[in-house]
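Here's a solo chain for you in structure tokens, the form predicted on its own.
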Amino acid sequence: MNTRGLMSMLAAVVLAVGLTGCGEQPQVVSYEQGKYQGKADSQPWDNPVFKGDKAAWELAMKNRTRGQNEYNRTQ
């Protein structure tokens, strides 16, 4: 086989291998009735910062909201 034929065959193989990465495989989810399959949710105050104290979390949210009010920040 000559060099030109070998190069064209090599180019065809490289193109075929390159195009295999462009294919999209179907992603099918199987749902089970009545079961949540995602991450379990927790309350926002159940973390190491607030240690389950809902009142402290609410106070922190109020202070954060006050800090985002432009009228309060400019005075």
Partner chain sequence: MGRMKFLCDAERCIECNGCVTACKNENEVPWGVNRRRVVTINDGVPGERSMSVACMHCSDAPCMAVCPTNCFYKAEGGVVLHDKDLCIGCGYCFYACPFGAPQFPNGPSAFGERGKMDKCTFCAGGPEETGSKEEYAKYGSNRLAEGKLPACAEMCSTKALLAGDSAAVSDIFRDRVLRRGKGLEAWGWMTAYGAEQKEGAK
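Positions refer to the first chain, counted from 1. From a predicted model like this one, the values you see are computed outputs, not experimental measurements.
This protein has a second form, the form predicted in complex with the partner chain, left out of what is shown; the following refers to that one.
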{"property": "Interface membership of T65, the partner chain in the predicted complex, 4.5 Å heavy atom rule", "result": "yes"}
{"property": "Q33 within 4.5 Å of the partner chain in the predicted complex, heavy atoms", "result": "yes"}
{"property": "Proximity of G38 to the partner chain in the predicted complex, heavy atoms at 4.5 Å", "result": "yes"}
{"property": "Partner contact for V14 in the predicted complex: the partner chain, 4.5 angstroms, heavy atom", "result": "no"}
{"property": "Interface residues of 57-71 toward the partner chain, as seen in the predicted complex [heavy atoms, 4.5 Å]", "result": "W57, E58, A60, M61, K62, R64, T65, R66, Q68, N69, E70, Y71"}
